[in-house]
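Form predicted alone, single chain, as structure tokens, below.
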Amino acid sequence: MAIRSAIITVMIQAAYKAAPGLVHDFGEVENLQVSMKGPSDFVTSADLQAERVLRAELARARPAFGFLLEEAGVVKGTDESHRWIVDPLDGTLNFLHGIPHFAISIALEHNREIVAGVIYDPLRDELFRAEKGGGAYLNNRRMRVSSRAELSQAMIATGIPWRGRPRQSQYLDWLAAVMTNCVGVRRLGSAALDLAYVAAGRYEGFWEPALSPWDIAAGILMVREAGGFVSEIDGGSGVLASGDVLAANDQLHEPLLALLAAANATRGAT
């Protein structure tokens, strides 16, 4: 069995504590209170309750650490070098429609660098975890990105910008380029799980623009610790700040980067 550090154990225990409430509410989704944060952007009572549980559990274990929470925002801690980045329910729209594909995502940031991450799919009981320098694991099995080296054999995941989000026409150019060159494209509705699946070798790559830090923080570390590469869609290094993410195995990151850049260039020429 892979050895778990104290900090990863804290994160796993917090995810396990919040999960039963989500599973219960998923079975009673028609009774949940739902409000809108923006076009196609919802928050449910399940999100809020899961976030309260996660915050309480993490704060109990490490009371000095700060938080960046999807619903509650920034909570400063007395230890300004450490911050939890938490998404209590990644895949809320799936959750609301009874689609069994969502996850809890927890990352730990130390001096602005992600050093630990946990993504938990409570319906499948799949626990993805990673620590900087310690590798990435699915339950107790070491994860490694896919070894496929040809775009023509690659399965690529993506996220489609919601109604009201910018860059939709640019996204369609990217999608057309990927569809033309890869074996298939999947859009399952949880960026955290998309990144975890790249780390596990289920997808060869994933891209999506304009995500939030809580969507991607844990998954970025997992892909890198599983041997993959993560950058901005244009190749930059400020992924967490911009939210424009391109993640892929070590063979296909550069070809995907070039493919998306070519789509941008074609768009600029027309």
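One rule holds for the numbers: they count along the sequence shown, beginning at 1. Everything quoted here is computed from the prediction, not taken from an experiment.
One more form of this protein should be noted, the form predicted together with a small molecule, which is absent from this view; the next part is about it.
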Quick check: do D90, R187 and A191 each get a heavy atom within 4.5 Å of the small molecule in the predicted bound form? yes
Can you pick the one in L69, V53, V239, L211 that has a heavy atom within 4.5 Å of the small molecule in the predicted bound form? L211
Can you pick the stretch from 82 to 90, 134 to 142, 174 to 182, 196 to 204 whose heavy atoms fall within 4.5 Å of the small molecule in the predicted bound form? 82 to 90
Is there any non-hydrogen atom of P122 lying within 4.5 Å of the small molecule in the predicted bound form? no
